[in-house]
Each structure stands twice: as structure tokens, then as C-alpha cells.
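The chain below stands alone, shown as C-alpha cells; this is the form predicted alone.
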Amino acid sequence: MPDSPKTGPLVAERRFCFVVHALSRVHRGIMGVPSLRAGLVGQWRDGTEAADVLPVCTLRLKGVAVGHVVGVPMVPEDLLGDQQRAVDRMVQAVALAGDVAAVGLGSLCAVVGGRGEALADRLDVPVTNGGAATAWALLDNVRVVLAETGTRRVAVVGSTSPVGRVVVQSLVADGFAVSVDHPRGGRGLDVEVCDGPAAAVSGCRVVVGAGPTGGVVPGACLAPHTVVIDVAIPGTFYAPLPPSVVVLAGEAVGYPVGWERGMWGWLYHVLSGYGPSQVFACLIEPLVLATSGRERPFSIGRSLSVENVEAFGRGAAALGFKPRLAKGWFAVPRTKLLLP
């Protein structure tokens, strides 16, 4: 069919793969439902075998890209306990997705195997671990919170992670007073280096959780009315938290018109914690990579630069994605962030 003068050239949607894992035994069973994997649903299979790798859903940005979400139904302890096996299963997951232009990694899949490096060594397409997208969304949301609260001081917990390091660099460049939880997080930067997370957050009303995994700092360390912008799953601070503390999803992103997900995709949105009106930034990193024409990933291993985060952000914004202040599934009005 010839091109329409009204619509322009017809461009094939780029294909990408996003590899996820089971968050729990219950979640593993639910992952088995779309493809009728009775052994996973009934819990007599533990999700570690090659035969357990399975398709989860298909997501589409209409006219731009098609994403195949593929599951390695291993729970976190199994992923971390045998990382070579985990990488083997991720290779099988990518093969199941077919011919794709980029591969992205979700949650702990982005941590095992050298933060994606072991998987990248075994594939001939770029593998990106979501760090650039996470840092982009987190930075935007932190900057909004700082502007709305009028706060000039901010603490970063998880400052030694690739995401944490970029966030610290960027906030220092913005002129904020930054406290970090480890000397490596502040190396070469004009920051306050503290002896651990509890000291870093002391007296800070805006706190950033930038580590890949959470549940490492007692919530009692936080001052009343603190705003926490967190990308860790589970959260950086464990209960009990002061009741006035507000915890925001640091990598929540609103999607543009044309985002399609179907029934199983809608279920994936809900079960993965996105909710119906947003995604987490790591999901769209392979989408942006696949459509960008880049041959190198935005983030792989511990390599993450401010320049690559900004390049990802430009690509994501051009497609209509935008960071979203959210508490769980729901948007947070900026007026709710004003500190007493």
C-alpha cells in the first residue's frame, strides 16, 4: 500500500524484550496463568528450570514499538543464589521473545550477572539494565519535590550505586547541599559525607532512596514530615515510619497516548506494582533504546554517566513519557508536599 500524504511513510514498529522475574512464590504462580503452566500455578515447580521460562504479555506504543515481556519465574533468593543459572534463563527468555532490537532487565534481573554484563556477553543485541531511565525519572521527581518544598538540603541513601552516584552529581551541579551515606558516594564531590544512612538523613526533610534493593534502614531515622523519593523495591526504609512521612515512587512515569497493553498487559501493570496509569522507568529504557538507533546501551554494569541519563531523557520525552509524582499507584498533588 502506498504511503498516505496525510500520514507520511509507514514505519515498522521496533521490537524490544523486557525480562522480569517472580517477586514471590505467589507471584510465580500468577505468572504461570497466561500460558497455563499448571506446575507453576500449583507450586510444584520452583521456576528454576529452562522449561519454566514463559511469555508474560505484550505492550505496545502504537506506531513506535512493541515490547515482549518475558518471565524468568525465579524468586529473588533463587536468582541471587545461582547467578549463572539466572543468566542462562535470561538468555532463554530473550530467545523466546524472538527478533528484538534491544533487551531490558527488570528488578533483580538488572542486578545479577554483573548488572547485565554477563547477559550482554551472550547476546548480539544491546542489553540495558534500566539505570539511565531510573536516574532520569528519579532526578526529575526529586527536583520537583525540592522546588515545591523550597528545600535546599537533600540526603541520598544508596549513593554508591550507579543511579545514586549520578543523582548526587546532578544535584550538586544544581547547587543543592547533598548528604551521602558512604565516602564512595561523594568521592570528588562537594558533599557532606556521613557515617551511614542514619547519619545522612538526620535532619533532612527530603531524602532519596537510590539503592537497587531496600529494607536496609529503620524508618525511625526519618524526621516527621520527611518526603522520601525511593526507587528501591522493597523500600529503603522499613517500618515503622513516622506517620507524617510521605514516600513517593521515584521511578514512576506517565505514558503517552497510544500505550496499549491488552488484558494480560493490564494484569502485568497491576501485579508489577505500576498500577493502571503509569509504568516504572526501567520498562521503557529498552523501548527508547530500540527506537533511538543507538548501538550501545544507556546503562550496563556499573557504567552510568550523566550524559547517557540526559540522552535517555531526551528520547523518552520525545516519545511522550514523563516522570510522575506518585504515591503507590496514585498521582500526588504538588500542594501535598509543602513542609510544615
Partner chain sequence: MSYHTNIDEAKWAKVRDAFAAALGLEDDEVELGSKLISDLGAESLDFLDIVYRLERAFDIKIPRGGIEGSAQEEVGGTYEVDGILTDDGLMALKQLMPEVPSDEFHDGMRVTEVPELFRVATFYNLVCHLIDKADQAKKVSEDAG
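Remember, predicted model here, so these are calculated numbers, not experimental data. Numbering follows the first chain given and starts at 1.
There is another form of this protein, the form predicted together with the partner chain, and it is not shown here; the text below is about that form.
message: At 4.5 Å between heavy atoms, only one of the stretches 95-103, 140-148, 116-124, 250-258 reaches the partner chain in the predicted bound form; which one is it?
response: Flagged stretch: 116-124.
task: Answer yes or no: in the predicted bound form, does the partner chain come within 4.5 Å of a heavy atom in every one of Arg152, Val227 and Lys327?
output: No, the whole trio is out of contact, none within 4.5 Å by any heavy atom.
4.5 Å heavy atom contact, Asp190 and the partner chain in the predicted bound form: Because no heavy atom of Asp190 falls inside 4.5 Å of the partner chain in the predicted bound form, the answer is no.
Partner proximity in the predicted bound form: Gln84 to the partner chain, non-hydrogen atom cutoff 4.5 Å: Gln84 belongs to the contact set for the partner chain.
- request: Give a yes or no for Arg314: in the predicted bound form, does one of its heavy atoms lie within 4.5 Å of a heavy atom belonging to the partner chain?
  value: Arg314 lies outside the contact set for the partner chain.
task: Give a yes/no on whether Arg296 approaches the partner chain to within 4.5 Å in the predicted bound form, heavy atoms considered.
output: No, Arg296 is distant from the partner.
- request: Work out which of Ala177, Ala173, Ala198, Leu80 lies within 4.5 Å of the partner chain in the predicted bound form, going by heavy atoms.
  value: Of the listed residues, the single hit is Leu80.
message: Please tell me which of Val245, Val111, Val91, Cys221 lies within 4.5 Å of the partner chain in the predicted bound form, judged by heavy atoms.
response: Of the listed residues, the single hit is Val111.
message: At 4.5 Å, heavy atom to heavy atom, what parts of 270-297 sit next to the partner chain in the predicted bound form? List them in sequence order, or say none.
response: Going through 270-297 in order - heavy atoms within 4.5 Å of the partner chain in the predicted bound form - there are no hits.
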